[in-house]
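Only one chain is included here, represented as structure tokens and corresponding to the form predicted on its own.
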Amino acid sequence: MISFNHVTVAFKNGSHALDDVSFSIQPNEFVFLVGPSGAGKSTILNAVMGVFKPSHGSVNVGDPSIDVTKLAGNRLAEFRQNIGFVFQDFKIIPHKNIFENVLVALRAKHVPAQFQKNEVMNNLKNVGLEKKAFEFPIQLSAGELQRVAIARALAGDRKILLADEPTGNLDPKTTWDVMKLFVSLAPSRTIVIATHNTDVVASLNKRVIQLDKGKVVNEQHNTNSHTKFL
């Protein structure tokens, strides 16, 4: 589903955001990317989206596999609509209600109009917010806003979900609630989460790819799907 093959992302000053990185993530696998700031976690997520073009190597995504490094223009934009992305700061549109925020993603993916209402409500139901569909972002808590962001990322039946520090702006209790939501979504999607939260990583028996200075320095494969906090 996602394959990095000797990927190097270099800056003009000669430093490397990624340095000869190789790994594969299988369909419906749940993976954490961990490491200090500047280790390359966000760069990997952005390389999957085609935001960063490698200096060397290839990034292949999907089934059948697509070499993202060779996409540009409309082809790249169309490809990105198959991937959901969850940000640390939510990226919710403040002047649109919750229904409309999720609807934006469906329209971007050109989901036919007759299916849009049911699709929005189904995704809000999946994150426990169907009763708040017509409230505005200012009326919701930080945890609820992140749930909206997850619903938007899933809209249009996206099978790959990327998240960059999705609990970075949340308190400990809300962090666990959001992580439980990710776990519940995992069986039918490929989920890749970049995080500094060592408590979360330690409490979930998931695969961990550890990065430092742009290199993969360790991998941990966990086969037990149960969690310590559920």
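Numbering starts at 1 and runs along the sequence shown. Here the structure is a predicted model, which means the values were calculated and not measured.
Keep in mind that the form predicted in complex with a small molecule is missing from the display, and what follows is about it.
> So which of Ser184, Thr198, Ser188, Ser37 gets a non-hydrogen atom within 4.5 Å of the small molecule in the predicted bound form?
Comparing distances to the small molecule in the predicted bound form, the residue within 4.5 Å is Ser37.
> Answer with one of Val216, Val208, Ile25, Ala17: the residue that has a non-hydrogen atom within 4.5 Å of the small molecule in the predicted bound form.
Residue within 4.5 Å of the partner: Ala17.
> Just one stretch in 199-207, 176-184, 53-61, 37-45 has heavy atoms within 4.5 Å of the small molecule in the predicted bound form, so which one is it?
Contact criterion met by 37-45 only.
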